[in-house]
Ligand code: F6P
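In structure tokens, the next block holds one chain alone, the form predicted alone.
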């Protein structure tokens, strides 16, 4: 049996440990592992190659994905999806293992409905925005990268009595901003999912300044596109010199954390153990358990942030 793995959409730390486990565990189970390079673009172009142990030696500590990834505009054209299917037939691939996020699984859903290629899906994205799922490969590393950045910025913020507006990634999802703000003791957290109240925050900040506060850490999700506005607000309304730090793509890199490496191996094992008897599933992590879900169940439900986390963050959003 020939099984091919591809990584799709934004890269995330933990993909390489998953790829390593895929090759080792496939071989252990008697399957033939294959790589599809460059994600969906590579599938269209037929970049399919048999994988061996030597291909994954020494990659467990590396961020990113050795088989590379892509976002494919050509995939929206059925002509190219048919070409991708023909490439799989040519190589006699029996099943796909896909590491990706919400967009990748929506693309997979279209492909499966057309050509019925068996698959197993594994959530991998720093956005952590997949419905019915609480953990995606790459999230823990990204949060730790953000933690280190905030710790360093706090040093200079406190030294110069400044307000620092720190912008995290996440497209339209505020997960990274929300979690980082709570975990790192920020004074502000603004995300797309929840309306914020600057007037309430102003009252609170001015009171705290009178009581001795000398700096501010504000975490803003990139999807809001308001980092410059908040910088100016701190200077004009709060009276604090302000700086912006856009963390950008450093959040997608870095050596995978221990949790990331363990979780990646577990995701792969669950996927491979269930392929023959329970195929065409997305392996999700929910309530500290691995749960197999139908692809349509994933794409037809909307991701929601944790309600307890949102409750904790209310004061950071100016919500009374």
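Numbering follows the first chain given and starts at 1. Note that the structure is a prediction, hence the values are computed from the model and not measured.
Heads up, the form predicted in complex with 6-O-phosphono-beta-D-fructofuranose (F6P) isn't pictured, but that's what we're talking about next.
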Note which of 249, 73, 92, 210 lies within 4.5 Å of 6-O-phosphono-beta-D-fructofuranose (F6P) in the predicted complex, where distance is taken over heavy atoms; exactly one does.
249
Partner-free chain; cross-checking 6-O-phosphono-beta-D-fructofuranose (F6P) in the predicted complex, the single residue of 141, 180, 104, 125 with a heavy atom within 4.5 Å is 125
Examine residue 108 and determine whether its closest non-hydrogen atom to 6-O-phosphono-beta-D-fructofuranose (F6P) in the predicted complex is within 4.5 angstroms.
no
Does residue 170 make contact with 6-O-phosphono-beta-D-fructofuranose (F6P) in the predicted complex, using a 4.5 Å heavy atom cut-off?
yes
Would residue 187 sit within 4.5 Å of 6-O-phosphono-beta-D-fructofuranose (F6P) in the predicted complex, counting heavy atoms only?
no
Based on heavy atom distances of 4.5 Å or less, which listed stretch (110 to 118, 126 to 134, 193 to 201, 224 to 232) is in contact with 6-O-phosphono-beta-D-fructofuranose (F6P) in the predicted complex?
126 to 134
